[in-house]
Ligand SMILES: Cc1ncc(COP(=O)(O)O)c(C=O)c1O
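Single chain ahead, by itself, as structure tokens, in the form predicted on its own.
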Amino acid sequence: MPIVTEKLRKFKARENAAYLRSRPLSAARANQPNGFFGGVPQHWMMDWPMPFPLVVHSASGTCLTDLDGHVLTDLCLGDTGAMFGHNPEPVARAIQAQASRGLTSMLPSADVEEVGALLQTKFGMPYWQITLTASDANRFALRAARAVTKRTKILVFDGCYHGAVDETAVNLAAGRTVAKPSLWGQSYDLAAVTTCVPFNDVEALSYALKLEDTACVIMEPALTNCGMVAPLPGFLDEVRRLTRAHSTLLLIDETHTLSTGPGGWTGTHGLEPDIWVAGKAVAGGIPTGVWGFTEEVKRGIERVRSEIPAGHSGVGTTLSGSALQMAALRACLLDVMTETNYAAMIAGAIALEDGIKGLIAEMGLPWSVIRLGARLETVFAPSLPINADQMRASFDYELEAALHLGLLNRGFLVTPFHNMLLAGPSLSRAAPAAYVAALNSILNEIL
């Protein structure tokens, strides 16, 4: 039940006023025309629950400094783009060194062999391709899956997120696959190419795959963008069994669940996908996506390539695999995505989880907490949802926005949607307790 009370309204008014008073330089920027739509380089930068966008002056590790000099503990980390911290030193050094040798040439650089070996070792797949984003990696992998299987449809789970791939931007509404309302200008019925079923529903998945028209199931091992929803015990095993039984490829998108541990959820729990995708954090903040695939998929792609004229296939972009990307990717895989950094990240997330759970219990709130490695989320429900529909029923947008703005004014930047936190490797030992204290002060004003 959403909490909309007079106390909440007054709290939001006070916090808005405090934000306005304390950020005159950001306010001045917000009120000046600068040539950008909405004043920001991407329109979704206006979606944060603040009177005007925060302007960042610098970022390092798990700290952001804004234009007005406020130092914030960053628990958003670019919504995973800076999961291993802002400006990791090995990546910064690699970028500086590569800049003197050229940035892009549409040809392989000297880092190819080492990067290929690192990808194979860390993520298990024998063959790889580089893209600019995970959205591109998913888009191109799905094209490959349809070409290889000669089937037209894909299957996604309700509540999934696979970037800016049109055919994955769907919801399940009254049993029907429909485009998300946020998908601007969609020109065709996505149900013609996509089947959407509930997460954790083996029966619905089995029924859909029996039609034998699905080229690929694309999924996150756990939902992470409609609120975090973990797989029920045995669900991922059933997904793999059913896809194999119906000759359907399985694509695991670990762009967010890379936070689970070294090798992502796949490496931690021993999944066996046909195609594996990640992006955002894999090159330490340099735009990069990767998709890897099995020997069987490789043979299928070779067959498809042999059947078409040489030239532009529509799978790939000119800047993909640039020397700059490869240098950053090598440094991140080798010196940033380490066991030591993962251990520090997960320890920080556990400390946050324990503190939030303790506060929930102390205040008698009907809430719960889910954690997936270094990522965690507070859910406004007494027990954890098992699918997107249940998660949506727990949402309280007014309360969420108030918490986020209150936390920002108290020195903590959190993800602008839901209540997700991401613990970077350099998060201080004092930060979790300070975060819980800030949350406690806000709740005491609101509730």
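Because the structure is predicted, anything quoted here is derived from the model rather than measured. Residue numbers here begin at 1 and follow the sequence given.
We do not show the form predicted together with this ligand, though everything after this point is about it.
The closest non-hydrogen atom of residue 235 lies beyond 4.5 Å of this ligand in the predicted bound form. In the predicted bound form, this ligand sits within 4.5 Å of a heavy atom belonging to residue 162. In the predicted bound form, this ligand sits beyond 4.5 Å of every heavy atom of residue 330. At the 4.5 Å threshold, heavy atoms of residue 229 stay clear of this ligand in the predicted bound form, well away from it. Within 4.5 Å of this ligand in the predicted bound form, a heavy atom is found for all three of 134, 138 and 256. Across the options 120-128, 351-359, 247-255, 198-206, residues that bring heavy atoms within 4.5 Å of this ligand in the predicted bound form belong to 247-255. Only one of the listed residues (74, 158, 220, 167) places a non-hydrogen atom within 4.5 angstroms of this ligand in the predicted bound form, and that residue is 220.
Exactly one listed residue, out of 104, 338, 225, 268, brings a non-hydrogen atom to within 4.5 Å of this ligand in the predicted bound form: 225. Within 4.5 angstroms of this ligand in the predicted bound form, the stretch 273-289 places a non-hydrogen atom from 280 alone.
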